[in-house]
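Single chain ahead, written as structure tokens, the form predicted on its own.
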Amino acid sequence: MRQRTIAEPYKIKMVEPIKMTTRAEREGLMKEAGFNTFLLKSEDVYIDLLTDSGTSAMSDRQWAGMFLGDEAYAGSRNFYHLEAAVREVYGFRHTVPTHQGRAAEHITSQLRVKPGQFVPMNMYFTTTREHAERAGGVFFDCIIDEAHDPQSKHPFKGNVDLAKLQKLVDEKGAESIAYLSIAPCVNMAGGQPLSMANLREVAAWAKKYRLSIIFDATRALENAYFIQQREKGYAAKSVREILREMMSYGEGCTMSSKKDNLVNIGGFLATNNEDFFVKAKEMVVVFEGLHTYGGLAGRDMEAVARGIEEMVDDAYIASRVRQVEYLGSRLLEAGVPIVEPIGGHAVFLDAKRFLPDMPQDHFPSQALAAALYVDSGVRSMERGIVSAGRDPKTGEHRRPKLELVRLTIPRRVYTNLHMDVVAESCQALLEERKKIRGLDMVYEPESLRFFQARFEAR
């Protein structure tokens, strides 16, 4: 019997018009933007898959909560609602709100990293690594090797390789490690989850050496869904229960609420460590605002609190991930090379296989993202050599094994017809891939260059 279609668990109440430009217009706009999709104007984009950060559609309940904003400078009631939501859903007693996730990363790095210490991560994320290195830390990749292979079908490619961690301790000593930065649903690996079994092992290993685990919990909910779907013993558990167990293995987390929490701005640092909390409260006052608003308006904190409560609905998260799977499945059917298994927040085109003859120094992912926009008005982003940046010691390009273009799906924004447009554009580009030209970088910022770098066609 044919499987019945499952529709989205929501109705659309309001729409925002989008416009389609001509190919000639897009060619000019892409050149004007220096072949960097971050430098395009939103009004010139037809389907915007640049990021899922802050691009979600909020619910009627969240919008209603915005009108209940308590904009008092100190002790806003919305902060206490946020604090209660974090305690209930994530399980952390203490919450420090920040304007977005990277502010929480900055505070964490400044408080916990001493110059020369290693910060092991299951693959890097750009801002997390940047803040650790600005504090004098040294990034150490402890993800399993399968994560660097886009064709590996490993169901939990976000897993930590304990042998790599043990080797670091054996060679450098446990005191050389600041803390473990663990990301559920690893973005740079293609949105790949880690298993609960692996997380338990990592927590036991960390406890043995008295090391702390701080989660980058940005997409932890999607990871909880994958555990529910793929890991033995969790099929009957709700994503809410699974998320709570995941977070129980860490001392705290940094959070960009602009992803899982379904809001357009906001974040927080949460912890069960009283000393860390007290120091973080002091630092947030210096860099963000008072510890009961941390750079956010009361109405924004209310939206985050309500988003936390809404996100743990099983029907919602299943629908969200299924849409990503829909796009990925269409691309696979068309022979378009992507990272497998399909991730939780995005589909990642494998630029090395898409453009096999283009050298990495010609920025194939950047070139492919630019070509996609010119073809159809779809905005995506590079996740390869440009995002990896330069080695601070040698000044040479870091050369990641993965050279990807991220097609990131905003939450509750597009329909599957939009996904069809994206898939058809990718298929058309694959058929005409020999026409895609490499790029030269003509402007390069010192930090996080992928946001503002400019390029010219070769």
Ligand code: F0G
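What you see is a predicted model; the values in this text were computed from it and never measured. The first residue of the shown sequence is 1; numbering continues from there.
Omitted here: the form predicted in complex with the named molecule. The next part is about that form.
Contact annotation: K259 falls within 4.5 Å of the named molecule in the predicted bound form, judged by heavy atom distances. Within this chain, H106 is remote from the site of the named molecule in the predicted bound form, having no heavy atom within 4.5 Å. In the predicted bound form, the named molecule lies within 4.5 Å of some heavy atom of G101. Interface membership of T127, defined by any non-hydrogen atom within 4.5 Å of the named molecule in the predicted bound form, is confirmed. Interface residue among N78, T218, S365, T95, judged by heavy atoms within 4.5 Å of the named molecule in the predicted bound form: T218. Between the named molecule and the residues S53, S59, Q427, N416, the one pair within 4.5 Å by heavy atoms in the predicted bound form involves S53. Residues of just one listed stretch (127-135, 78-86, 307-315, 165-173) have heavy atoms within 4.5 Å of the named molecule in the predicted bound form: 127-135.
Residues from 394-419 that approach the named molecule in the predicted bound form with a non-hydrogen atom within 4.5 Å are limited to R406.
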